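Below you'll find only one chain, the form predicted on its own, shown as structure tokens.
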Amino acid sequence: MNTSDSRRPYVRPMAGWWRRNPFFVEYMIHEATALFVAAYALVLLVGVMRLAQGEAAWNGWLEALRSPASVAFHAALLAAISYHCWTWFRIMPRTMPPLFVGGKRVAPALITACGLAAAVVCSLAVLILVWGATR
């Protein structure tokens, strides 16, 4: 009796699997924009470290933020993070369990709209708070 198996096991091809479906393409772009979120977190972390080092270090960090390169970097971060926010709320109705209110299922577009509205309101509240604190 021959115990060796001459059949080769099936190996599902994994290269480029996400490029075959537009949903997964959007999802992967969404995940890539998370790197911009991490980059901005690092910028803020450096600011906290400079604040802990004293007034001169803090003022140097603030001055660095006013440079044209920093402004362009922050504009790119804003665009990427806005896209990340938009796609996150668009994906949310597909990834969360069905939501029922009053016995009726809440429409995915309404869930997306409520999430975006909450993000805009929170962003404006923070902007007003920071604007008021710096005046």
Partner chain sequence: MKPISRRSHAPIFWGLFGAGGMLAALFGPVLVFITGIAVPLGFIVPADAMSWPRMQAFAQHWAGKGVLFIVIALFMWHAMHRILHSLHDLGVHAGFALKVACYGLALLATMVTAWLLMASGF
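So that the term is clear: the rigid core is the largest set of C-alpha atoms that superpose within 1.5 Å between two forms. Positions refer to the first chain, counted from 1. Predicted, not measured: the structure shown is a model, and the values here were computed from it.
What comes next is about the form predicted in complex with its partner chain, which is not displayed.
Exercise. Would L65 show up as a contact with its partner chain in the predicted complex if we use heavy atoms at 4.5 Å?
Worked result: It does: once its partner chain is placed as it appears in the predicted complex, L65 has a heavy atom within 4.5 Å of it.
Problem set entry | 4.5 Å heavy atom contact, V126 to its partner chain in the predicted complex | Yes.
For this session: Check whether E31 has any heavy atom within 4.5 Å of a heavy atom of its partner chain in the predicted complex, and answer yes or no.
Result: E31 belongs to the contact set for its partner chain.
Exercise. Hey, in the predicted complex, is A52 touching its partner chain, heavy atoms inside 4.5 Å?
Worked result: Heavy-atom contact with its partner chain at 4.5 Å: present for A52.
For this session: Spell it out for me: taking its partner chain in the predicted complex, does every residue among Y10, N21 and V25 have a heavy atom no farther than 4.5 Å from it?
Result: Per the other structure, none of Y10, N21 and V25 touch its partner chain.
Problem set entry | Members of 70-99 lying within 4.5 angstroms of its partner chain, judged by heavy atom, in the predicted complex | V71, H74, A75, L77, L78, I81, S82, H84, C85, W88, F89, M92 sit within 4.5 Å of the partner.
For this session: Compare the position of the CA of C122 between the shown form and the other one after a rigid core fit and state whether the shift reaches 2 Å.
Result: Result for C122: no, shift under 2 Å.
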